[in-house]
Each structure stands twice: as C-alpha cells, then as structure tokens.
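A single chain, nothing else alongside it, follows as structure tokens in the form predicted alone.
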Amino acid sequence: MDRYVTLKKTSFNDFIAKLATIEQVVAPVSKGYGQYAFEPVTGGESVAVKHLPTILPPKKYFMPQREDIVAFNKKEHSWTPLAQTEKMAIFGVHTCDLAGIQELNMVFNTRPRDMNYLARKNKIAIIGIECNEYCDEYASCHVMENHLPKGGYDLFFTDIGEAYIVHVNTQIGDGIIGGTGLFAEASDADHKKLEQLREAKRKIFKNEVKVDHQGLKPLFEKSYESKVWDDLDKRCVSCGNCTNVCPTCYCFDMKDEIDLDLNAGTRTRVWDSCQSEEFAEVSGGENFREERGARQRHRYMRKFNYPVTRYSRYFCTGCGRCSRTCMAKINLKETINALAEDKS
C-alpha cells in the first residue's frame, strides 16, 4: 500500500467528525500559554493542526502513565489480565513522535515481549502530520534525522496550500480514506508541490549542534568522564520532567495493592524515572547513581550511546521536550555542544 490522496482544508473538520463516528480520535488541542496536549476530539474545530510538540508525547496511549496489569484473587484462584485495547486513531503525530513510537515498538517487541503494549499498539491507527518549518529553538530533529517522514504511520498529512496531500501507507490508512469518503487522488500538480516543499525543507533544516548524526555515539563514548556532567550535577534538581515528557523513556515500576484481607488485589504499572534519587538504589542502601550528574549522564547515554549498540538507533528523536520542560534550564543542544568542545 503506497499511494497519495488529497483532502481540501475546507473538508478537514468533516474528516475528523466522520472519523470520530468510526472510532475514538485523539488530536493535539491548545491548553493555553503555548502548550498543547493530545486529547479526545469529535470535530476538527478544536484540533491544533500546527502545534509545538505536546506536553506529553503520544506514548501515553501506548504505555499509559498508570496501567492496571492484572487482578488476582487467592480464594478464587483467579489471575485476570486487565489490558485495555480500545480502538483509537491518533491524529497530528509529528515525525519526531513517529520515531519515538517506532523505537518503543522495538523495545516492547524484544523478548520477553510486552503483550499489553503490543495489544494496545495493534488497536491504534497513527495519522502523522509534517512540520514544514522548525517548531521552535529547542528542536533538534535534523541532527536526529527525523525532520522528514520515515514511516511508522498509517496516514501522513502534508500541508501544500489549499489542501493536504496524504500518503496512504497501510491498509488501515486505506480503510480510513474509504470510510470517510472525503479524499481525491493526488494529481501531478499535487506531487510537484510536495517535491518543492521537501526541497525547501532541506534548506530550512540544518544541523542544530556541532556534531553530525554519525558522530553522536563516538562523542558520548569518549565523554563518560567529562566535566560537563559536573556542571549538570550542580544544576539538576532531579524533578524527572525530562524523562516524563520523553517519547522514548520507558522505565516503569510495579505496585501491588492488596485488600485488607490479603486475598485479592491489583498489580499496576506506573511510569518511573532514572532521575529519581532512589531509582538506582538497591538492598542495603547502596546507590549506583547517587549524584545528580551521574543520573543526567545515564539519561544522555540512554539516548545517544547504549541503544545504538542494541537497536542500531538513537533514542533521542529531536523533539526538544526535555529542554522545554527542564526546571533548571538544562538544554540538550547546549549539553551536546559543551561535550563537543570539552578538551578534558
């Protein structure tokens, strides 16, 4: 499945409304003060088609912040899975977040597979949208090679003026096109506009740091003892914002909540953060990353070093969320540049 169709912008509201009659639709909506969030919508009027990366990435629908995994009852000898697999379409996923979902798919599809995650993923249709220019000064999508679409979606919208040209990438996407009945086959003129837009983007998007894509892993391999981590140690407040908003952070904790009679209870998965002081603490009180700088270093290594060895991909998508939300104003691009300049 690989074809292009177009949707007139005057029909966009109808598209969202019709899709919402088929399945639940979530899309970015404005929360004020330049903030956006993915929320359920029933029409296109409230959708922020052009938006900064949302406060939380669409990861929250694939791996909820709090998820009941199983209920158990000793008296009944029961163990009941509680995974929810509601059918859903996510509209307005930027290319950086598409990359994040692809990377989570790799993690949770590695043995032992996470069946809750995979069951939910198989119920979610992904509709991407292209950024024709930088979101803001925090984005680093070019150096991460995520400024252009590289798959991971069912449909992908690109603004070409009075209409959107839409890449139909899967049978699920083709079903959405047929089910809504608002699309026309793309013409040669539409394809020409798309080519011109992509050519313009190659001039707009430039390397945002002093290292190219291939040089990131070698940079972090040689920077383990860098003094840059000492600076982050003094600044970081261990709030965990950076990991909570990251599209590819997937650390979690398991909590068992037991009834007072000790016969029944629920096991719940909740997000966790490597930036919390107790995260690397083990029995006896030993903590392998007691210093904040060590925890920051670990976070960066988990984006630019370790996953390349295991998955052959960087796990930073260039979305800029960690820099936007950091209470200590730690900026990812500034950190990379400081490491590149560090001669220690």
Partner chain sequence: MKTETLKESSYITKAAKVLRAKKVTEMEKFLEITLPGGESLDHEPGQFVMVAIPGIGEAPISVSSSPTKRGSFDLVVRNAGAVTAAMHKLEAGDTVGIRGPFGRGFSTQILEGNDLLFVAGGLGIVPLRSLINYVIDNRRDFGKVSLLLGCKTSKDMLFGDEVSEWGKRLDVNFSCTVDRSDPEWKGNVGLITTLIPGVTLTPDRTFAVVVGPPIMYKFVIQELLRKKIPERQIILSLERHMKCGVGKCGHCQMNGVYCCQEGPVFNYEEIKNNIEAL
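All figures in this text were calculated on a predicted structure; none of them were measured in a lab. Rigid core: the largest C-alpha set superposing within 1.5 Å between the two forms. Numbering follows the first chain given and starts at 1.
In what follows, reference is made to the form predicted together with its partner chain, a form of this protein that is not presented.
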Pick from 102-110, 186-194, 135-143, 148-156: which stretch has a heavy atom within 4.5 Å of its partner chain in the predicted bound form?
102-110
Can you tell me whether I258 touches its partner chain? I mean in the predicted bound form, with a 4.5 angstroms heavy atom cut-off.
yes
With a 4.5 Å heavy atom cut-off, would you call A280 a contact of its partner chain in the predicted bound form?
yes
Its partner chain contact in the predicted bound form: F72, any heavy atom under 4.5 Å:
yes
Answer for R267 alone: is it within 4.5 Å of its partner chain in the predicted bound form, judged on heavy atom distances?
yes
Contact check for R3, A37 and K50 against its partner chain in the predicted bound form, heavy atom at 4.5 Å
no
Pick from R235, R198, K123, K217: which has a non-hydrogen atom within 4.5 Å of its partner chain in the predicted bound form?
K123
I need to confirm a contact call. Of R302, R292, R313, K60, which residue comes within 4.5 Å of its partner chain in the predicted bound form, counting heavy atoms only?
R302
After superposition on the rigid core, does the Cα atom of Q196 shift by at least 2 Å between this form and the one not shown?
no
Establish whether a shift of 2 Å or more occurs at the C-alpha of E162 between this form and the one not shown, with the two forms superposed on the rigid core.
no
Does the distance between the two CA positions of S78 reach 2 Å or more between this form and the one not shown, the core being superposed?
yes
